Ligand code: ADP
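Given as structure tokens, the chain that follows is alone and in the form predicted on its own.
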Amino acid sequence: MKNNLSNTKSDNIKKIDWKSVQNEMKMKFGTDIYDSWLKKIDLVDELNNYVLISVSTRFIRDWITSRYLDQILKIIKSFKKDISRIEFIISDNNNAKNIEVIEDKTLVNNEKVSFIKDSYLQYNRIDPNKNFENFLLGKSNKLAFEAAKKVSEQIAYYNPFYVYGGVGMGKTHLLNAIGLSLKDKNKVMFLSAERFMYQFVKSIKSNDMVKFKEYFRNTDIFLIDDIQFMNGKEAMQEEFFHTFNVLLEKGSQVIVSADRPPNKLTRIQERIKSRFSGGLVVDIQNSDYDLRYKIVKSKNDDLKMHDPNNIKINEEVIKFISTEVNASIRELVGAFNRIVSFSRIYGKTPSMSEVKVILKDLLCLTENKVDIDNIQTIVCKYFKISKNEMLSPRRSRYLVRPRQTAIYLSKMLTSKSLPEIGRYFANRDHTTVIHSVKTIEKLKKVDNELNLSIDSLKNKILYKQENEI
């Protein structure tokens, strides 16, 4: 593999002492950051003017590149000044197929995806997992999907192509899918507006605008994500405007995404907004229930297929989060992932009451004010007994279990002390409260029906029911 990366390696040149580099990083960033992130970096190879390093996941790579890469490069250059860049591979030791080389492909293997030469951060934003095939369709995104497919089939037919929608609705997925479908036969550039701005400022500081113009204007497909972040950056907007015009004049396809339509962009030059409006403008609307259900069901099916622990999320939970988590697709997937994480940690599928606690910051459920009187009322109604019977000294089995359940829930859901809880239950002693709590906790371990009853009661106590009058 190393021989494929470069034939210029020289064994006669003294190699970097990676242990010394690691010690320097530990001193520079501190023990906490080093142990959490940088300790995981391994030196794979050292070539003429760059080093190849490996990390175990894309997440670690992206975290390091966004926060520490420039400083790491400076540390490496202090040991060997000829090093001008860092490149990554994703290396999972348990699975050699997961290795992914992050490199300047225009220089190494002539693949038609362009980058800024000698950039500290050289990796292609195109994700092979975000394609047209796995983009789930619904009424809210069908028009945008069909337009994106048309653009990928007939370059410059709709030019520019402008797609907008709220956060987490799938805009980036569509741009990625277009780039992925065209990159084999075209030179594709896909980046965020923020990245464009970073390269622009960097080129000005290094007095290298000629190279900047050459790279950004010499492409067949130009995809730029989140254009709204250019707001107020006049100099950058000027450069973008001229780049935009050059690309259109030479017949390159320009594809833009934003969180709002062109005429609603703030602090963006009118002539840029006018150019955007002159192409095809489509929106991705808020997802409906059917699409959200389809997405969660798809994620759950993938989980069943690939998860070695065989975690199962039941249909009731799937329908619940598909109904209640409706702000964005990203939040919906995040909610599903939270539930999966809970299942992995505790080795069980969460009940509905647990789901509501896990997702409480995402849900728009109205919480009830929890007090012991309310707990008693709901428990009595559930077990079909009167409150007088519950509070009586009678020890009949059909009364004891509801009484113990109410005492247990009072302990779990309120901040009352044991003697206070006892007083609410006809001045019973605090030892009775302790006995009731321990009895229910013991029974919960063996009695599944009791578990279901307590989960149902928690739901009724904590949240107002939709059909409750």
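Predicted model only: the values in this text are computed from it and were never measured. One-based numbering along the sequence shown.
Just so you know, the form predicted in complex with the named molecule exists too; it's not on screen, but the next bit is about it.
- Although the partner is absent from the chain shown here, 141, 167 and 329 each have a heavy atom within 4.5 Å of the named molecule in the predicted bound form.
- Using a 4.5 Å cutoff between non-hydrogen atoms, residue 75 does not count as a contact of the named molecule in the predicted bound form.
- For the chain shown alone, residue 130 is a contact residue for the named molecule in the predicted bound form, at least one non-hydrogen atom being within 4.5 angstroms.
- When the named molecule is considered in the predicted bound form, residue 134 lines it closely, a heavy atom lying within 4.5 Å.
- With a 4.5 Å cutoff on heavy atoms, residue 318 does not count as touching the named molecule in the predicted bound form; it lies far away.
- Across the options 381-389, 211-219, 159-167, 355-363, residues that bring heavy atoms within 4.5 Å of the named molecule in the predicted bound form belong to 159-167.
- Residue-level contacts in the predicted bound form: of 147, 272, 295, 83, one residue has a heavy atom within 4.5 Å of the named molecule, and it is 295.
- Only one of the listed residues (186, 172, 300, 181) places a non-hydrogen atom within 4.5 angstroms of the named molecule in the predicted bound form, and that residue is 172.
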